[in-house]
Ligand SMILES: Nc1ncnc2c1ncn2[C@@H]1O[C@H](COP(=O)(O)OP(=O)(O)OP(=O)(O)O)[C@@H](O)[C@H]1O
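Only one chain is shown below, in structure tokens, and it's the form predicted alone.
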Amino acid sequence: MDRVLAGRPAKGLVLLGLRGVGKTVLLNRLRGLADDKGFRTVRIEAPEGSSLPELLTPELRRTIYALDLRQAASARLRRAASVLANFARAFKVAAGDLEFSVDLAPGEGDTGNLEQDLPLLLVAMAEAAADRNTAVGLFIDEVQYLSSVELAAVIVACHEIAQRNLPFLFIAAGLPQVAALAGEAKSYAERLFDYPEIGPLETDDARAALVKPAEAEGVTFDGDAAEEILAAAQNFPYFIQEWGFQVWNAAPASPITRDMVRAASPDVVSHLDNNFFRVRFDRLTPLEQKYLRAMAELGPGPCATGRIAETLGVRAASVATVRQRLINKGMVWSQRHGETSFTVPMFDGFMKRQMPELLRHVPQPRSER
């Protein structure tokens, strides 16, 4: 961030990791740091099936107002506002009026081709920020849900901005497959961004995350109790938080013991099933659910794709589209060719609880409805 503000080139970041490792928390913390340093930040979440222009336009409009800072709008700021208005019109997004006059410049950001219009818009925003001696930070969560066209447009914009050495920083968070998706969208993506992998906490850090907040409230965990929770949570931050929360509420007194943890365990598992796992399960078709149940039969993974099909009782080719839909929905990913892994830790255990019986798939003559 300091390099960007000093007018020096800097790579963007794409935080990669499974569900529950804290990517969103880190993204928000990085945005807070950027705000503290004087960046004008834009943060969006890209839910499945969203439209990038629809998400970005109101945030960029807010940024234009932040860049104005009650000063007379500069030529570059007026141009950025003009391009934004053209962009909103081209993609049929309600942008609202701007308080200072804007002369729409035909041909700037209005082609309706996102890979052409978005780079021009973000370059104009970065140039306006340079006029105000500040920088723009774009933060995107769940970046794997951007379409291939949208992801390519973002990458092209970052490349164009980097070539001009403008004050702009891109930081995103997403599932592990994002690095491959970015490379497929534009081959030079690997040179534009660093891809730090976020995983479970180290053992000492995991224990501290559980024990220290309790100690601040005058409550202690027996060593065996803490180990029981960390083993169940597998050192994933989200699961540590949930186990700590539920056990805290169930424990009658301090110190919290292993027996107290074990007594609370059924309620913890039930809470996770109903509030973390099931919301993902319920979005799936019956065949997608069967596919994941076959994966669960093989363990936490990674699983050989051919073995999954074999367990399901079909040829791999006949369920290739099912696997791809699950990748698109962010339920599985492929670290290596021929392998498939869950993106949600411990989902194999949930699938066995949700569907105790493994049902082989019998293909129907008509397509699944």
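No experiment lies behind these values; they were computed from the predicted model shown. Start at 1 and count along the sequence shown; that's the residue number.
Keep in mind the form predicted together with the ligand is missing from the figure; the text below concerns it.
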- Could you tell me which one of Ala251, Leu201, Ala126, Ala226 places a heavy atom within 4.5 Å of the ligand in the predicted bound form? Leu201
- Query: Given that the ligand is left out here, which of Thr285, Gln234, Asn165, Gln241 has a heavy atom within 4.5 Å of it in the predicted bound form?
  - Reply: Gln241
- Determine whether any heavy atom of Glu150 comes within 4.5 Å of a heavy atom of the ligand in the predicted bound form, and answer yes or no. no
- Query: Does Arg19 reach the ligand in the predicted bound form if we count a contact as any heavy atom within 4.5 Å?
  - Reply: yes
- Is there any non-hydrogen atom of Ala263 lying within 4.5 Å of the ligand in the predicted bound form? no
- Message: If we define contact as a non-hydrogen atom of the residue within 4.5 angstroms of the partner, is Arg280 a contact of the ligand in the predicted bound form?
- Response: yes
- Of the listed stretches (295 to 303, 115 to 123, 201 to 209, 243 to 251), which one has a non-hydrogen atom within 4.5 Å of the ligand in the predicted bound form? 201 to 209
- Query: What residues of 135 to 158, in sequence order, lie within 4.5 Å of the ligand in the predicted bound form by heavy atom?
  - Reply: Glu142
